[in-house]
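One chain follows as structure tokens, the form predicted alone.
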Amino acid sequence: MTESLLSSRISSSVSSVSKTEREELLAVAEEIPDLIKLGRGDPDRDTPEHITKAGIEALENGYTHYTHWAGMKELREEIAKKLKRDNELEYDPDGEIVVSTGVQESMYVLFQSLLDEGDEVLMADPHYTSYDAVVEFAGGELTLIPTSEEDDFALQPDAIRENLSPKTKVLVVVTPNNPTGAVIPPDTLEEIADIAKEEDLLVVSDEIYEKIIYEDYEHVSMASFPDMYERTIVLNGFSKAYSMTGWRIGYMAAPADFIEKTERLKHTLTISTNHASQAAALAALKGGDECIEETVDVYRERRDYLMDALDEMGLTYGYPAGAMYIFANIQPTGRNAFEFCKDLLTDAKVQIFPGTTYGNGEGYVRISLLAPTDQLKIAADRMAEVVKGYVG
């Protein structure tokens, strides 16, 4: 097929983005009937009824117009209350909180605002690879810090120090983590905060999975440590905890003078976040955490079952203390991650994603907990048969 004129003139930053293994597997999956999907990060649970009802009522009551570029005042006030209650963070809703069209818009805005050409960003690997794109589009360079199964894939302070360079400007901390489920312990986070202060690093604290956490593990915001407020941008949203991925609503919190300087970029992208989605988010915050606790109980049951199933297969993993994924080691099968996922897709009708989709994750696969328990059990049985075919 002859390349079009428009395609031949596309920018170098966009043309460098190539088709991924994930996209190839998704294309194959479209042709497979009765597929059990344990790949994507979209909760299978519906948005809680009281939240959906609030969105519907908002539309019926004329919430179909622009809001303030930073979001509805009442929603920003409720977010500020949440940050104080849950995270011991004090943010002024009138100048330090911006409601965004999902956390990904906040990611784009903040990196465009922070980075000059060649500035370096550090983050743990394996990682959520949308960060690759937003850093690259802002002219920055992403340096990935290896984590290990032995540490349950939690980011280690010494590894940060080993990867620092004169160009390092920003450190991204994601806990709980996608794709590994790692939760960084509070004392380790405090060490990381000390490094940020010693090296004068800015910190992006991605807390989208903070509510999905198991046992006695604890989520602590990087911005809550002494002298970290002024150098930290907090990212959070409603997609995971409230099963609201399709509503596209998140937020960022940071000092007022930084937020003020992001206004033009945020306004240029979306003017304001969907009005009805904001009303739904407001209902989510006002409705309490009971619906979240129910969701976490469901995910915990699924996680425990799947860990037992992997143990029986002889496959190991980093302990998933949070989020909704297990990052499993399939090296005993002798297959690389992509081959294993493709075999599982075509031979067992189960969709998971290779660790290489999340950076340097060769030898691992990400299995999500986002299918009903009965389907998860069938998928585990099918996966066991595939593994048995490799290892006997």
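Counting begins at 1, following the sequence as shown. Owing to the predicted nature of the structure, the values given are computational and were not obtained by experimental measurement.
The form predicted in complex with a small molecule exists for this protein as well; it is not shown, and the discussion that follows is about that form.
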For this session: Please run the contact check for residue 178 against the small molecule in the predicted bound form: heavy atoms, 4.5 angstroms, yes or no?
Result: yes
Problem set entry | Any non-hydrogen atom of residue 239 within 4.5 angstroms of the small molecule in the predicted bound form | yes
Problem set entry | 4.5 angstroms heavy atom contact with the small molecule in the predicted bound form for residue 102 | yes
For this session: Tell me, yes or no, whether residue 206 is in contact with the small molecule in the predicted bound form, where a contact means a heavy atom of each within 4.5 Å.
Result: yes
Problem set entry | Site check 107, 174 and 248: each within 4.5 Å of the small molecule in the predicted bound form by heavy atom | yes
For this session: Go through 225, 214, 299, 128 and name the one with a heavy atom inside 4.5 Å of the small molecule in the predicted bound form.
Result: 128
Seminar exercise, completed: Exactly one listed stretch (83-91, 239-247, 191-199, 275-283) reaches within 4.5 angstroms of the small molecule in the predicted bound form by non-hydrogen atoms, and it is 239-247
